[in-house]
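Presented below, as structure tokens, is a lone chain in the form predicted on its own.
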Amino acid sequence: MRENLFAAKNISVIKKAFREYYFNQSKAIEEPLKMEQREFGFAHFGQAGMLRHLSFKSMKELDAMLVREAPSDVYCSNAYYRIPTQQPMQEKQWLGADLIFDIDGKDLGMPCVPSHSYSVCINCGYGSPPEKHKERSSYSCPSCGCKKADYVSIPCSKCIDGSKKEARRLVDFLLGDIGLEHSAIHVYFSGNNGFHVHINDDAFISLDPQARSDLVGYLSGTGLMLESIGLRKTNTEDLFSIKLPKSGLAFGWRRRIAERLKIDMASAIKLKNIVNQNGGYNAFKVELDRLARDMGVRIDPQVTTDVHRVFRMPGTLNSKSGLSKTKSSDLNSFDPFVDACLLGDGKVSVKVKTPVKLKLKRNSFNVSKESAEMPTYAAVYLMCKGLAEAN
């Protein structure tokens, strides 16, 4: 469906805005480490799929391509290869891969999402405003009767705050539990509704998919064992004993669980009472799993474990929004709708598919009329979302 969102007029306007960005803001694009060992990929407006297995020797060469082609999306591999352009993948001769985490706002289940999700008919493109308490399964296009739609979300500040919360939690784990230095952790707004956390530490480059999966499991709290906090099951059904670990409850998940349960090394009797109050060993295991899910980090496991993945390149534009993948040195003050909104202020006339509200560059837009003239950055945002067409 996304290819259909970009009609010829839209493509012309968006590509012009993207080309101007890459011409004027080339310094905003970060040069990846060991650039000559990376695989690059590009997507183009109105075309399905991605062109991969490309290589660039210098940023000057890449910058020239960006201005010439104005691609919809620009990707760079987390992996290092001896021959990055070679196909198939095993012929590239893998040398290692950066560790990167993906926090996607759409995976967080934010309760506010229905209030700012617009439906766009996949048949005729008719747009409808957010409808409260209406099931998507009951959708019927008011224009053509089609029963299927794309649902387009314009993230609100609560959505971004939810993603920020997960990013902060991840950084806390990486610093306190994994032992990384602040200087090795780089947080980026993805350009749409989430954050990428890049780790710059040679110790992680050689990790294979299984090791990365184990790390994801730890960070998300998957498979936490009751024995880790001193709870041991006996041979009798649902009976247990308490033997707090000699190494204490001061570190890692032990510390987190102990703080949540408000126990310490002198709390054997209290822990026993807590388990019994929850219904015994098996019932408490279910409760501990729930606590771990609540306290762990919600990251995309497939993204982190894939050692051949291409990621959006820092400083490049996201075709789902026209916003830039931008480094956030301070999550508290970072505002993606200001700091990552870098397209120009020129005027563009658009036809809006449905009344829509958004806020970009500290300017609020409440478009109720079908036709409107908007700054380029706002017009492109709505066109990328599939909610407007160029006049």
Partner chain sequence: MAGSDLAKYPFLNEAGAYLRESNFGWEELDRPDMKHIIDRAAERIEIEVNGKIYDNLERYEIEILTFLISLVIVKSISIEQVLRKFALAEARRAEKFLTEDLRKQSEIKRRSVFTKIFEDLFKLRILISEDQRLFKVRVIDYLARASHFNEQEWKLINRLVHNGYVYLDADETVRLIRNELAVLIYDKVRAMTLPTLPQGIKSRADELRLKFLPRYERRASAAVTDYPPCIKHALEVMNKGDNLPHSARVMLATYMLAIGKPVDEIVSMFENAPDFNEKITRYQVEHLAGMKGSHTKYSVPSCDKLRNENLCFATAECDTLINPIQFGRKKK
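Numbering follows the first chain given and starts at 1. Given the structure is predicted, the values throughout are model-derived calculations rather than measurements.
The same protein has a further form, the form predicted in complex with its partner chain, not shown here; the description that follows concerns it.
Note on the partner interface in the model of the complex: the residue among Gln277, Gln210, Ser140, Asn282 having a heavy atom within 4.5 angstroms of its partner chain is Gln210.
This chain is displayed alone, yet in the model of the complex one of Pro129, Pro111, Gly223, Gly145 has a heavy atom within 4.5 Å of its partner chain; that residue is Gly223.
Segments offered: 114-122, 101-109, 158-166, 82-90. Contacting its partner chain in the model of the complex at heavy atom distances within 4.5 Å is 82-90. A residue is said to contact a partner when one of its heavy atoms sits within 4.5 Å of a partner heavy atom; Phe240 fails this definition for its partner chain in the model of the complex, lying far away. In the model of the complex, its partner chain sits within 4.5 Å of a heavy atom belonging to Ala203. Although the partner is absent from this view, Arg293 contacts its partner chain in the model of the complex, with a non-hydrogen atom inside 4.5 angstroms. None of the heavy atoms of Lys272 is located within 4.5 Å of its partner chain in the model of the complex. Contacts to its partner chain in the model of the complex (heavy atom within 4.5 Å) from stretch 168-203: Leu175, Gly176, Asp177, Ile178, Gly179, Ala203.
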